[in-house]
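So this first bit is one chain, no partners, the form predicted alone, shown in structure tokens.
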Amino acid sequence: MREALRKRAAALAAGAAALALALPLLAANHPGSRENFAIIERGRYLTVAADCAACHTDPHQSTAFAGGRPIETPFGVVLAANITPDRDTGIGGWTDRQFDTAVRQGKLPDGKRLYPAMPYPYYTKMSREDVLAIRAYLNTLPPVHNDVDSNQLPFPFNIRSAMWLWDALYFSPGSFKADPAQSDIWNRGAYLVEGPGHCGACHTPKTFLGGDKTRLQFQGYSIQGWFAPNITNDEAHGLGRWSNADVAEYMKKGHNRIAGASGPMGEEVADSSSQMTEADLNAIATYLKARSGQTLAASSVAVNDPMMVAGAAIYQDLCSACHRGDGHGVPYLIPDLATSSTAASREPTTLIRVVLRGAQTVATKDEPTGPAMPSFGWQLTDAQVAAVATYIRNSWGHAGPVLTEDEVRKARGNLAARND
């Protein structure tokens, strides 16, 4: 993962260098160039905030925004499009109206509908001015000829015309409307989270058709082999034990006193939130901390249950040296399991994955050490993983159901089939 992030950083740096070369030309040849510069810089920042690089830059290539990265969905794989200004294979031949329609309405210039792997159900909340600022920035990038056949879905999901029904069920077009009863910082956070940040794409549970369960907004969802945790202010399963400063610091540095970002969230931090302003990160934290969760009652497993007894022994032997006997870990270095929303998540997807395969946390400019956890999948049987995960999920005030050996066996098989 560290190598992939290095390549992506190099690609983004190349894009920034291209922008630096383009701006003097704009200044020399175009009236109102100062205004053009401001629009392009605003577009660059919004491109970062919208995390466009995460999908449209293939981490195995060196060219930013040329597309081709496989995007995993519950229905198959979609390849991200080329959004460089190449006229034949990118967006260079699109009008501003066509670009805006694609981003905010989910429709291509030929009238075909996009799949919601492109998060237009969230980007619809962006203003037209913001979308066209992104277009202005993308126009400064070097055009890359890379013909991407995005639709790799199996039948019948490859029939794009069926998307009209999905849109009718789950797509509500319309730009963000500020709530006059809330503060400016709350409204800014709401805009960033619900619009360009498209946090609900990962953190909101989905229906069997892949639409948001809006009544459970931001309460966590298993995706791409991880569980995107509850990011409401839920005390037991979400951010209730985090301060506003904890939330902002996590997004800026990839680490805080409680947790470290890895997997898809590590990519988001590297590509997006670590490059955002302190004011915007504080706004996001303000909004998320104001979102009440829906704590579900759960019964903890008795300490004398055989699974807890076995799990406690495994934890003491393999985990306590780093995470300590009380589960509190080491701030900014080793995650705090005692207050971890990941350990207490509704689904144990991430916990099982990390025990089986380990994890590499993200390294950022502000927190350059990205500690890693080793894999224990080679050492522990499925029954032992189930026991230690059950112990973690039922200690230090957490409460969750007993995990079974079959659940871990299935998770191990699913992970073995993945190449990430």
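Position 1 is the first residue in the sequence shown; the rest follow in order. If you're wondering where the values come from, they're calculated on a predicted model, not measured in any experiment.
This next part talks about the form predicted in complex with a small molecule, which is not shown.
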query	finding
Triple contact flag F99, A261 and C319 to the small molecule in the model of the complex, non-hydrogen atom at 4.5 angstroms	yes
In the model of the complex, P229 touching the small molecule (heavy atom, 4.5 Å)	yes
Interface membership of F171, the small molecule in the model of the complex, 4.5 Å heavy atom rule	no
Distance check, E268 to the small molecule in the model of the complex, heavy atom within 4.5 Å	yes
In the model of the complex, L239 touching the small molecule (heavy atom, 4.5 Å)	yes
Segment assignment from 174 to 182, 300 to 308, 120 to 128, 206 to 214: heavy atom within 4.5 Å of the small molecule in the model of the complex	120 to 128
Heavy atom within 4.5 Å of the small molecule in the model of the complex - the one residue of Q275, N187, S150, Q105 that qualifies	S150
Position in contact with the small molecule when the complex is considered in the model of the complex, options A363, A64, I40, V388, heavy atoms within 4.5 Å	V388
